[in-house]
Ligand SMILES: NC(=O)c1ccc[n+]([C@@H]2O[C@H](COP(=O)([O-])OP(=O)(O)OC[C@H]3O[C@@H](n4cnc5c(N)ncnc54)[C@H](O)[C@@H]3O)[C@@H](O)[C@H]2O)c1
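We begin with a single chain expressed as structure tokens, specifically the form predicted on its own.
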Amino acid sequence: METRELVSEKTIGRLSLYRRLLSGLLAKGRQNIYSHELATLSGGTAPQVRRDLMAIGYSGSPSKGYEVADLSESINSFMDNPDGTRGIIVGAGNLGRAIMAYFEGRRPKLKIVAAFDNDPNKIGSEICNCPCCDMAYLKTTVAQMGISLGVITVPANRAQEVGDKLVDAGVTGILNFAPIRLHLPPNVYVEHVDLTTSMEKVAYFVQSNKDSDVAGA
């Protein structure tokens, strides 16, 4: 497999958004789109869109813009592992189940294939067509199934321990939903998703907008 050129985290985030938007356009039968149109849909600018697509070696036509299907496939080829990426979720509670349900069948090259939990009532069951396994078998399962991505949806007081176990098992990418920063080796990519902070930010600006309306009345 060829080594892919690294681009910035922000670029990858925008490419993921473009791909999702293009998928919706394809479903509506759209064949072509201009950079300024994609920029409007994504909340960016046309020059930024063009720079992002140039980073993956894709260019459009001045007269027709970008072919939606071809551009979507180009982003797929750039972002996805040709052999696919397999992930697991540690913490089969409400959030873990919701994530598994969301990703089921959504991305052919990115699959959640198992869940792990310590609850004996969950172990041995199936969640979104994936087995729920005992944590005692984490390392063995990661090796046998070729797992490279882990999702943590456990309470904060268990997150670091789970992160350490995932790294020890050979996982190199972690999506952490626990409200705590993990301290892991630099060769492990970690994305922290803090739902509480995000909710509080929205709540703050909602109240700020109300205060501004009252002040301007």
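If you're wondering where the values come from, they're calculated on a predicted model, not measured in any experiment. The first residue of the shown sequence is 1; numbering continues from there.
Below, we refer to the form predicted together with this ligand, which is not included among the displayed structures.
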Determine which one of 80-88, 100-108, 67-75, 139-147 lies within 4.5 Å of this ligand in the predicted bound form, judging by heavy atom distances; exactly one does. 100-108
In the predicted bound form, the residue from Arg158, Arg50, His192, His36 with a non-hydrogen atom within 4.5 Å of this ligand is Arg158
Touches this ligand in the predicted bound form: Glu126 (any heavy atom, 4.5 Å): no
Distance check, Pro131 to this ligand in the predicted bound form, heavy atom within 4.5 Å: no
Evaluate Ile174 for contact with this ligand in the predicted bound form, applying a 4.5 angstroms cut-off between non-hydrogen atoms, and reply yes or no. no
Give a yes/no on whether Pro179 approaches this ligand to within 4.5 Å in the predicted bound form, heavy atoms considered. yes
Within 4.5 Å of this ligand in the predicted bound form, which residues of 122-136 have a heavy atom? Give them in sequence order, or say none. Lys122, Met135
